[in-house]
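Single chain ahead, written as structure tokens, the form predicted on its own.
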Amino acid sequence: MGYSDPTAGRDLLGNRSLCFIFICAFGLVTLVQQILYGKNYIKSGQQFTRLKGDEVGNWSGIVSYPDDGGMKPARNGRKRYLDSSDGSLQFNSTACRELRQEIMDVKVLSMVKTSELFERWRNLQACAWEQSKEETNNFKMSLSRCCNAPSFLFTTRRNTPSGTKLRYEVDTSGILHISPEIFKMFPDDMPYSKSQFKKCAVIGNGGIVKNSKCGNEINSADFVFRCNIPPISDKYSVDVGSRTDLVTINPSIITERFQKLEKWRRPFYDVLQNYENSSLVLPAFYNTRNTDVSFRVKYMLDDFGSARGVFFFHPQYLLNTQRFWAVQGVRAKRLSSGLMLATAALELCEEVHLYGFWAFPMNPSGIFVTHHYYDNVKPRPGFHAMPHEIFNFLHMHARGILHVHTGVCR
């Protein structure tokens, strides 16, 4: 019979017992840490507001302000969301310079989570906006070299003589011969010149403008651009205003809502009456399908005896604008109408303000917003690159080139 150890299986203070004791001790320490962390979290929660939704990385924390207005991070090196959004901080204060830099440090949209970008943008709302003459002039010079809206925004008799073989923007293999009849529809020259207007408002159709109470501010601008004949009735005018000096019309609207003006001419004419004497601009030479529908708008207004201006985007201007923004990271099948108008406004106006421009399903506070201020119909996926357009606008706001309005107007 072999020898049997009486202590076998007991493992008195052996490996298993030591392991069990270690696990218990580790669990106790962790529990204490969680209790202490919970107390600190509740305390800090009384000091700042966190964004709802996904975590914002290293951009939530507490900020203190020294006497010179600079922004110092808390001991943990993290910065907090600023409760103030009334533009009370001076544009050139140390804090505002740092907040603008926080926006410009994001070189590409994929560098940050949406929530982090929102928080940086919300922080910047604590700062007054001022135009940077140097930045604005440099940007205008770049646009002048590539696009030259004061000469080529619209197709005119000056830049497109009779007999010209006009090449389409997209259907580059297609060529339209400018006959004397077509030539008569063009204005003699561009109706607007460089920096003709002091303050311009470009109104996008985004749901971000809903409940903004910006109508009076928009109406006070020297020139107002709108996109694709949006509703501006009393129901909406308190937010988007009613004044319109120029409005774009996408030919697809005429095709889908007014049957190419083959029958529904009067209803379309009545819709245009909401815009009083504003000029109309259409992309007649974007592709061959747009041409006849766009020309019918001109013919219809002539038949009704309207003196309203009807203009057609010059295809080379649109093509050059597409190339310009592609270099800035906006690569899409088609630029939005809002970006086209904002680009033109930067050359035609001294100061540009954007309203209703946003590309996300929630506002910077994390609250859901509809796609348009009047409905929630989404565009075709992949057709525009709206987030990248807005990202560029936020950068331009931080640089003092234009003013993006995403909050409530005072």
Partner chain sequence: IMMFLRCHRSKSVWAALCVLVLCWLYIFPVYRMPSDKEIVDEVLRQGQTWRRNQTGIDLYRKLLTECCDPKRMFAVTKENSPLGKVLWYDGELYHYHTVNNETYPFFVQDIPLQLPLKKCSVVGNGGMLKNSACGRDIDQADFVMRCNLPPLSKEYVNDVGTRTHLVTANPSIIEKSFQNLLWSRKAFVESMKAYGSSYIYMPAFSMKPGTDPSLRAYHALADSASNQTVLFANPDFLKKVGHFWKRRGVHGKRLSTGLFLVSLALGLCDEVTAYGFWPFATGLDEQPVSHHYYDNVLPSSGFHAMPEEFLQLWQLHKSGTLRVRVGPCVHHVDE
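Numbering follows the first chain given and starts at 1. If you're wondering where the values come from, they're calculated on a predicted model, not measured in any experiment.
Omitted from view is the form predicted together with the partner chain, to which the following refers.
Within 4.5 Å of the partner chain in the model of the complex, a heavy atom is found for none of 199, 218 and 222.
Proximity of residue 302 to the partner chain in the model of the complex: non-hydrogen atoms within 4.5 Å are present.
Remark: residue 180 does not count among the residues lining the partner chain in the model of the complex, judged by a heavy atom distance of 4.5 Å or less. Although the partner is absent from this view, residue 134 stays clear of the partner chain in the model of the complex, with no non-hydrogen atom inside 4.5 angstroms.
Using a 4.5 Å cutoff between non-hydrogen atoms, residue 276 does not count as a contact of the partner chain in the model of the complex. Contact with the partner chain in the model of the complex, judged by any heavy atom within 4.5 Å, is made by just one of 334, 167, 296, 97: 296.
Among 234, 105, 256, 292, the residue placing a heavy atom within 4.5 Å of the partner chain in the model of the complex is 292. Stretch-level contact check against the partner chain in the model of the complex with heavy atoms at 4.5 Å: of 324 to 332, 107 to 115, 226 to 234, 265 to 273, the positive one is 265 to 273.
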